[in-house]
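First comes one chain, alone, set out as structure tokens in the form predicted on its own.
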Amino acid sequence: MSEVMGLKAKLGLNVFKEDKEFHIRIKPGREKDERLKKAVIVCPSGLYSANDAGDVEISVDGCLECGTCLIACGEEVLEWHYPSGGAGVQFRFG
């Protein structure tokens, strides 16, 4: 019988290649925007978090490039584009 892999184990199989610049940025002055709190909840990789000051921060390492944060927060809050060719997530199915 084969072992069932959990979500974290499956995500751990993926390879992430760095780009020259981040493909997601919180627009300056929008760190406290209420819409960003949605990204903390909906990001499947858990990249968004709120700090003690109430600002939302992002760590793009491990981004699945799904665009969920952009849909939840909007272009007024986030700058989002795909990484350049050869960079970003490379999915490994296990």
Partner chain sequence: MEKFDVIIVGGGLAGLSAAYTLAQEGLETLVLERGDYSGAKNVTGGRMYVNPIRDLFPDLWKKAPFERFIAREEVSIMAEERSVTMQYDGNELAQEPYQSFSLLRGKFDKWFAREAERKGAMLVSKARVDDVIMEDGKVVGVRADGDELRADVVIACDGVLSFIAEKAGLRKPLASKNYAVGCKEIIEMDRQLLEDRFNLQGDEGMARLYMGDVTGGSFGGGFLYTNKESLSLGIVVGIDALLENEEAFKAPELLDRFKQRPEIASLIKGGQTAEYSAHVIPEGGVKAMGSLYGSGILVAGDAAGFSMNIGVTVRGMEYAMASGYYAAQAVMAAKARNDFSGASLAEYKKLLDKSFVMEDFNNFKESLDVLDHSRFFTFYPELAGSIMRDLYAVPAGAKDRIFPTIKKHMTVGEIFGIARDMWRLRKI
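Please read all numbers here as calculations on a predicted model, not as lab measurements. Positions refer to the first chain, counted from 1. Between two forms, the rigid core is defined as the largest C-alpha subset superposing within 1.5 Å.
Although not depicted, the form predicted in complex with the partner chain is the subject of the following passage.
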- Message: Since only the chain is shown here, I'm wondering whether G67 would be in contact with the partner chain in the predicted complex (any heavy atom pair within 4.5 Å).
- Response: yes
- Task: Report yes if any heavy atom of P44 sits within 4.5 Å of a heavy atom of the partner chain in the predicted complex; otherwise report no.
- Result: yes
- Query: Is there any non-hydrogen atom of R30 lying within 4.5 Å of the partner chain in the predicted complex?
  - Reply: no
- Is V60 close enough to touch the partner chain in the predicted complex, meaning at least one heavy atom pair within 4.5 Å? no
- Which residues within 4-21 place at least one heavy atom within 4.5 Å of the partner chain in the predicted complex? V4, M5, L7, K10, L11, L13, N14, K17
- Item | Core-superposed C-alpha of L11 shifting 2 Å or more between the shown form and the other one | yes
